[in-house]
Structures are given as structure tokens and as C-alpha cells.
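Take a look at this single chain, the form predicted on its own, given in C-alpha cells.
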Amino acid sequence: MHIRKLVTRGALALSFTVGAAFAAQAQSVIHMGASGEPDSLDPHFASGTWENRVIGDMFIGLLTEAADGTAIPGAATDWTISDDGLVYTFDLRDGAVWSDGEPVTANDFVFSLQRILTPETAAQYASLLYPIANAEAVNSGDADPSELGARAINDDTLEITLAQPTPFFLELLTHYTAWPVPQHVVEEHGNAWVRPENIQVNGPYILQEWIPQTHVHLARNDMFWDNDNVAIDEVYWYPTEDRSAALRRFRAGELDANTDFASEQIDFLRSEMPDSYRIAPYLGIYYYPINSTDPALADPNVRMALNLAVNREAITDQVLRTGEIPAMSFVPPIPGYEPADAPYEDMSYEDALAEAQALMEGAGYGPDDRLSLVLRYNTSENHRRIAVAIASMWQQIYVDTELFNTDVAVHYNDLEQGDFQVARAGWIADYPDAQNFLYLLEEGINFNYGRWENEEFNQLMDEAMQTIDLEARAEIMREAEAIALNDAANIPIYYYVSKNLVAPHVIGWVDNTKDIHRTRWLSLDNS
């Protein structure tokens, strides 16, 4: 017997029935695990995939994602691009309004782009918009927001001018950094505009309630332009960092889907629930940033030794066992880009370990003079198991490792502050381009957690951004990546696959390399 908690709008109603596909009377309610607790529901303050899942049900950018993750028209119905690739002109969707009935205008987009780039906003992800003309200067305080390359030609027409041609710009616009926020609401309520009593949205769902560490409750936005094609009435998003607890809730029918599951659960899932899990290619990297400002880790030979001692095949084949690919480069396989070769790529693990020991000895370490490190990871069975395995590998090169665990919000806040030595991190592509990974190592980027700096690397990335020829651009980025790999800027560990629990009664879930599954495309089979 499945026991499932069903919540209807405005009141708590508990209903118990046999079968996982029981309908909540007149309402269609879906319960989703988001993996982590949102740090914010403001698109300009978000930075994680778990926040994107929730916020992406409430807001829609100029372009948005189809069920298969591809970019399709969103708030804009069509657009033109100038011959030089610099000027994009967007026609906004006729009749699109905010949830309070106010029109969504080109000025909302101009206001939003200026807001996220204004230094006072201190948006962590603002650098993603640097392809827009003057965006970096505005973000650094060297230009007034009015100088940003975005203007409203009229209420229904938006013009964006780029600093240089950017092949991935339309894909970038599906990202939450480019989503609009309602100017009239933000100006009235300030940062409190995202509270349930204030918030207005332009997407299919609107916030009803957010109880931290419990759930985010969304309900259908009747003013959404495509509301007639939305099947789910209410959405509950839960923070599910404890994957074992999430599986128990999923089996009990309390969750219809959960993003991610612990790899150690795969044998049980294959045996007992073969129709309820999904594994698919995923454009992302699991890696360990190394804090290069730490005195012990400023030595590139020590960083390289830590890299060499990681047995990536053992992690993917023995610890995870769910199809992940060992990462020998920082950029995962992307069409049109050949990743650079790591200096240890063709070495056997035995040779790599011997080289790592030699590097550590050359840096002054040995059996009687060991390096002590703190390895941080956010809550997850997989992260813990990988950390335990790598700590054991590092013991062989005179490194004693203390493991330190926090929840996901605290963990990433500490990384952004540089408060760590070595830590777990992951990056999922915002758009399918090598630049979206390599820019994480550029000087001054918030997500360059390890504060690694290399002038030649930065110059090459600048050159790549100004190169129109795609093959030449890819070769420049490959040269930059080789510099980072040879200097051991971080520790690539494996390329992701997406791992989701999806009940058979959830219809419309399409596996895709972005692992984006907006609720507007889903329905529940209650037959």
C-alpha cells in the first residue's frame, strides 16, 4: 500500500489510498524533491541547480526550455540578429502579463539586466551576462547602468547589443540570470519582493508558501499566457539532500519525483524499481577546487600530486557504478570542442601514484612529515563516499585528510568566500559551450573558488571571446584549458550523468543533457 500526503490549495487535506497515482480530488498536485534548500527565490541571487528547479517554474526568459531541454521561444516570440552578430532585436509575446495583470514589457527586461549587473546587487552570477556590451564595466562600477547594451525600443520590442559576437547567446538567455523581474514590484518592495505576499511572476506557477528546510509551495498562475496547456495545479518542492530519506519518501508515495539518488542505491533500484529511475548523459563536471591562496596549496607540485593520486576509474566503477565517466579534462565532451589532454591522462595509476609521491617528497613531505588537509563536502551520501575514497588515496602520498560536512547553502557560501582548502563542487552547463566551464577559472569570477590566477590563461580566454571563427575559437580555449590542467588549477573527477527518481505515473518527463524538467510540461496519469 502506498501512503501519500496530498495538499490542496488553502487547506491541508490528508488522503490515503491504494496506488501511487491517486488524484487529489479536483486538484492535480505533484511533489518533487529538489535536492537542496534554496538560498533565494530571486533569480538575481540564485546560483544552484536546486534553486533553478524551483525558480524555473515561476519565471520565463526571452527564450525558455522545451520538455527536452532545447531552447524555444519564451517571453519573446521571435527575434532578428544583425549581420555582424552584435545586435539582437526581440519581439515580446503579445498579451503576456505578470500575475497581477500588469503587462510584461521590454522595460522590465532592461530594468532586470541593469539590476543584476549593478554592483550594489552583488549578484554572484552577474558575470554570465558579460557578453552584453558594457556589462562588465557596469558590474565593476566603471559605467552607469544606463550604458548597458540593452534598451526598450517600445513596450513590445527589446534590443540587446553585444560586445562581440557570441555563438551561445540565445542559449544563455534561457538561464535565470537573464530572466525578467517585475520592475513595479521590485521598486515597491525592494528585496522583499519575493515574499509570498508580494511576489509577481510571468511563468506558469506563483509562490504560495516557503517554509525553509520543509518545502516551497507553488500554485498555478492563472495569468500565464499558456495556462490552458498546464496540467499540474500545484507543486511542492522539497529539500532532499539526504538521498536515503528521499528514496524512502519516494517509495512511500510522498514524492512523485526526486532529482538525484545515491549511487549505492542502484542495485536495489535495478532489482525492485526498474521503472522508477532514470540515468542519462548530463553536461556537467564533478570536481574538487583547490584553494591556491592556502600556503601549502600554492605550490603547483602539491596540487598536481593531489590530482595524480586520485584514481578516477575506481570512483566511477567501484564507488558510483551508475555510468559516470572519469574526467581527465575540466571541460566535458561538447560537440565542436576537443578537450585538452591532462599530463596524467595516459599514465597507469601505479605510475601516477609514484609520480605523486615524488612530487610530495620534492615539496618536503614524507612518511614523518605529512600534509594535513581539510576536505569539505555538502550533504550527500555520494559526496561522503567519494570523499572517504579520495582521503584514502591521498594517504598514500603523505596526506592526512579531515572530512568536513555542511548543508549545500553553507557549503557553497563558504566556497565563494574562499573558506576552504579542498572542497567538493559541481558545475552543470548553463549553455553547451566550453567557455561556460573554463570561465570558472578566470581571475575575478565568483565561481573561481580556488582563486587560481594565470595571466596567459586570462588572455587566451579574452582572445577566444573575440574570435568569430568557431574552430579557431575552440583551439584557443583548448590551449587555455591545457594551461589550467598543467598547473593543476583544480581536480577534475568525473563527468556527470543525471540520476532521477520518476514515478511511472509522471507523464512528460524527458531525459536531456541539461536535466531540465519544468513542471509545465508534466502531468499525472491518474488512471
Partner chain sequence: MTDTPFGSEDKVGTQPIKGRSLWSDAWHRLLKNKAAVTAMIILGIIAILCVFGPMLTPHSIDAINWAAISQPPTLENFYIFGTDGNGRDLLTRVLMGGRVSLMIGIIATLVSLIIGVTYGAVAGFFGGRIDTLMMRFVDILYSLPFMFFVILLIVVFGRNFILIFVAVGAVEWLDMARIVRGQTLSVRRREFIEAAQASGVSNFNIIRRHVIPNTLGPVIVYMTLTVPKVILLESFLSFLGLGIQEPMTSWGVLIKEGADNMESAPWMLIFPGIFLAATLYCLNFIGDGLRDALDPKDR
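Note that the structure is predicted; figures quoted are calculated from it, not measured. The term rigid core refers to the most C-alpha atoms you can superpose between the two forms while keeping them within 1.5 Å. Positions refer to the first chain, counted from 1.
The protein also exists as the form predicted in complex with the partner chain; that form is not presented, and the subsequent description refers to it.
**Student:** Which of these stretches, 98-106, 223-231, 374-382, 334-342, has heavy atoms within 4.5 Å of the partner chain in the predicted bound form?
**Tutor:** In the other structure, the partner sits against 374-382.
**Student:** Looking in the predicted bound form, any heavy atom of Ala327 within 4.5 Å of the partner chain?
**Tutor:** Ala327: no, not in contact with the partner chain in the predicted bound form.
**Student:** Might Glu188 be said to contact the partner chain in the predicted bound form, defining contact as any heavy atom within 4.5 Å?
**Tutor:** Because no heavy atom of Glu188 falls inside 4.5 Å of the partner chain in the predicted bound form, the answer is no.
**Student:** Considering only heavy atoms, tell me if Ser146 and the partner chain come within 4.5 Å of each other in the predicted bound form.
**Tutor:** No, no contact at 4.5 Å.
**Student:** Using a 4.5 angstroms cut-off on non-hydrogen atoms, would Leu172 count as touching the partner chain in the predicted bound form?
**Tutor:** Leu172 lies outside the contact set for the partner chain.
**Student:** So which of Met347, Val410, Ala358, Ala298 gets a non-hydrogen atom within 4.5 Å of the partner chain in the predicted bound form?
**Tutor:** That would be Val410.
**Student:** Of the residues Thr259, Ser112, Ser292, Gln265, which one places a heavy atom within 4.5 Å of the partner chain in the predicted bound form?
**Tutor:** By the 4.5 Å criterion, the partner-contacting residue is Gln265.
**Student:** Using a 4.5 Å heavy atom cut-off, are Ser82, Ile153 and Thr161 all in contact with the partner chain in the predicted bound form?
**Tutor:** Looking in the predicted bound form, the three residues Ser82, Ile153 and Thr161 all stay beyond 4.5 Å of the partner chain (heavy atoms).
**Student:** Taking the partner chain in the predicted bound form, which residues along 198-234 bring a heavy atom to within 4.5 Å of it?
**Tutor:** Nothing in the stretch sits within 4.5 Å of the partner.
**Student:** Return yes or no for Trp225: a CA shift of at least 2 Å between this form and the one not shown, with the rigid core superposed?
**Tutor:** Comparing forms between this form and the one not shown, the Trp225 CA shifts below 2 Å.
**Student:** Taking the rigid core as reference, does Thr177 move its C-alpha 2 Å or further between this form and the one not shown?
**Tutor:** Moves: no, less than 2 Å.
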